[in-house]
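One chain is shown next in structure tokens, namely the form predicted on its own.
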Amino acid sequence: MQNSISNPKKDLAYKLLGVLLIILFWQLLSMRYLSVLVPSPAETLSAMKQLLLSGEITRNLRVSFERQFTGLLLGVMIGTATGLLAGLKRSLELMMNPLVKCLMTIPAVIFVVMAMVWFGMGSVMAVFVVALLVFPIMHINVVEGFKSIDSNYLQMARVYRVPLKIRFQKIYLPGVMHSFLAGISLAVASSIRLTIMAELLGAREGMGQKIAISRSYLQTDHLFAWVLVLIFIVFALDWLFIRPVNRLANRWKVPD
């Protein structure tokens, strides 16, 4: 039987071992193939240092983060608003269901191409794609939060004619908060990938565009360097934002 009690130091050691194995495998591949195909970890770090000293990383990170944050904010606001309305009124939920399902099932690259046709190449296109695809994540999570509320509470509130404001504060808000925070966590993680994809296909600046340029000119060391920067960003967001939000969401989770 597996021990359910975890040892933080032992867990960290295994994670570090996993990272070392990845680096070792990467080094072995770089020794087997030409650097134009697989640059070594040392060559990648050297390229990253060059990009950092030239200011390219800082400049393009700022552009990408501005697009991500703007699209994320719009998507969260719209998705939360429609989720609240749909949670309160089932007819509206059913009416919006086809749109939400389409946005969730159609590949994101399709929307990127459509946005390029409508808005051209640039920030507006990237912000639109991020907002459009973050919206259904928040909408679904907020609606599911309403569905998780105990129906006995709602029935009691109707019987005693509790005002909507009190119902929202005492019943709806606590019931929805866990799903809302879980949706925020998922939306943040998704918005990073969506921003990079939009920039990769149709932007004149930003991390995604730099990745596309590195691929086009076979600057594989720069390509790997940008990917490594992206990995660092994802891990930083995971530790600084996503994990704390998930812990906060678990505090709001209604016990079974």
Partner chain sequence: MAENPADDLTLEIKPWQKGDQLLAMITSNEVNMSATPITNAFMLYNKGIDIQLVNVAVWGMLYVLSPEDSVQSVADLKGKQVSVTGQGGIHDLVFRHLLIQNGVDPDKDLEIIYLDLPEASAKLATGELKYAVLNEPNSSMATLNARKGGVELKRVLDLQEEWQKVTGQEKARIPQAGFVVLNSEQLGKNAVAKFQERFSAAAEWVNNNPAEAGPIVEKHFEWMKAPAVEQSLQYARLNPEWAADCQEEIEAFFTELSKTAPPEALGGKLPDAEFYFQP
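These numbers were taken from a predicted model, which means no experiment stands behind them. Positions refer to the first chain, counted from 1.
Keep in mind that the form predicted in complex with its partner chain is missing from the display, and what follows is about it.
The three marked residues, 36, 117 and 213, each reach its partner chain in the predicted bound form, with a heavy atom inside 4.5 Å. Looking at 23 to 31, 204 to 212, 188 to 196, 62 to 70, the stretch with residues near its partner chain in the predicted bound form, meaning non-hydrogen atoms within 4.5 angstroms, turns out to be 204 to 212. Though its partner chain is absent from this view, in the predicted bound form it lies within 4.5 Å of a heavy atom of just one residue from 52, 218, 45, 227, which is 218. Comment: its partner chain is not present in this chain, but in the predicted bound form one of 88, 121, 162, 106 has a heavy atom within 4.5 Å of it, namely 121.
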